[in-house]
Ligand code: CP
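The data below hold one chain only, encoded as structure tokens and taken in the form predicted alone.
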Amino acid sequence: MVSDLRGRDFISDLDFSVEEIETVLDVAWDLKKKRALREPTPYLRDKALAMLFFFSSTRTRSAFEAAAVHLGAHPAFIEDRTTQISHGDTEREMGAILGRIYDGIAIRHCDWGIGNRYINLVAEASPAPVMNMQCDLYHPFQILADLMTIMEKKGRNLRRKKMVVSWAYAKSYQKPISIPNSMVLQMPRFGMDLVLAHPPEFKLRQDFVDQAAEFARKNGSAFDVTDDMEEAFKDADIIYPKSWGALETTADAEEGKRIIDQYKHWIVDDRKMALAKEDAIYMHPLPADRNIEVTDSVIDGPQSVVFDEAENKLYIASAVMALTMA
């Protein structure tokens, strides 16, 4: 266990080593147990957390606010439109000012080509640790909540467990690509056999795919990419289908919508789930486009663990805050 992560930023999934992530998981499970036993955990009493949102949120905002409260800290919810950012406050000014006033800064900024750069520039100027609540490239807290959930269902030794990260159809908009990016970077580090399934236009950045393949090679596991959703599902232990935009193909909303609408058959239903192992689990970070992206019978069925994922984000956020803001 790594005992000192104080002052560390958590922006990219690779900012923490595997050993450091295992420490986060250990602390998260301890905090989950303590909450079940109604034991107080005031590790951050008299601390304050700035939560800056450029993008709407339900589960992430709730998890971070509740985590701060459980740790004895005060969470400050800040929408970008209620600040002076539009009137000239730069990233470095936000980092220097919020970092002096608050003990930690958490930011959600998903604008394509902007979000990750913004968070890193804030972090460069901030004396307080900066946490990425999701950007255009990464969603590290979601992926650790997913990892925690998988370990609760499948055991901590995930070597050679088959996980499918698949694109799925959703008609609402070109959703961020950060979750599949983070998935392919993080999960092979824990020995899982990962299959990435998507139509040709929904590719990830090649350097991310190359890193995933290298992590799999080092860990003696497999990493495969396919454009066949049903083939990918066969004999899987974990099914994680999620819509994302064709952002590496086009950033134009109308063109992206035209491409997305070609693949309405990429929906998760009972027939596709039956291709996986009998005890396979269905995962989704939510919100899902019901009966478009996934049928009610799957997301509300016995194999679904979506609410466990949502709850576990609370404990991951609590653990990272406790370790970095103390």
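In this text, residue numbers run from 1 along the sequence as written. The model shown is predicted, which means the values in this text are computed figures rather than measured ones.
A second form of this protein, the form predicted in complex with the ligand, is not displayed here; the remarks below concern that form.
Using a 4.5 angstroms threshold between heavy atoms, Arg108 counts as touching the ligand in the predicted bound form.
Proximity of Leu275 to the ligand in the predicted bound form: non-hydrogen atoms within 4.5 Å are absent; the residue sits far from the partner. By the criterion of a heavy atom within 4.5 Å, Ser57 is counted among the residues contacting the ligand in the predicted bound form. Interface membership of Val69, defined by any non-hydrogen atom within 4.5 Å of the ligand in the predicted bound form, is ruled out. Residue Leu286 is the only one of Leu286, Ile259, Ile267, Ala48 with a heavy atom lying within 4.5 Å of the ligand in the predicted bound form. Checking Ser221, Asn181, Gln174, Gln142 for any heavy atom within 4.5 Å of the ligand in the predicted bound form turns up a single hit: Gln142.
Only one of 259-267, 24-32, 296-304, 278-286 places residue heavy atoms within 4.5 angstroms of the ligand in the predicted bound form, namely 278-286.
With contact defined as any non-hydrogen atom lying within 4.5 angstroms of the ligand in the predicted bound form, Lys313 is the only contacting residue in 295-326.
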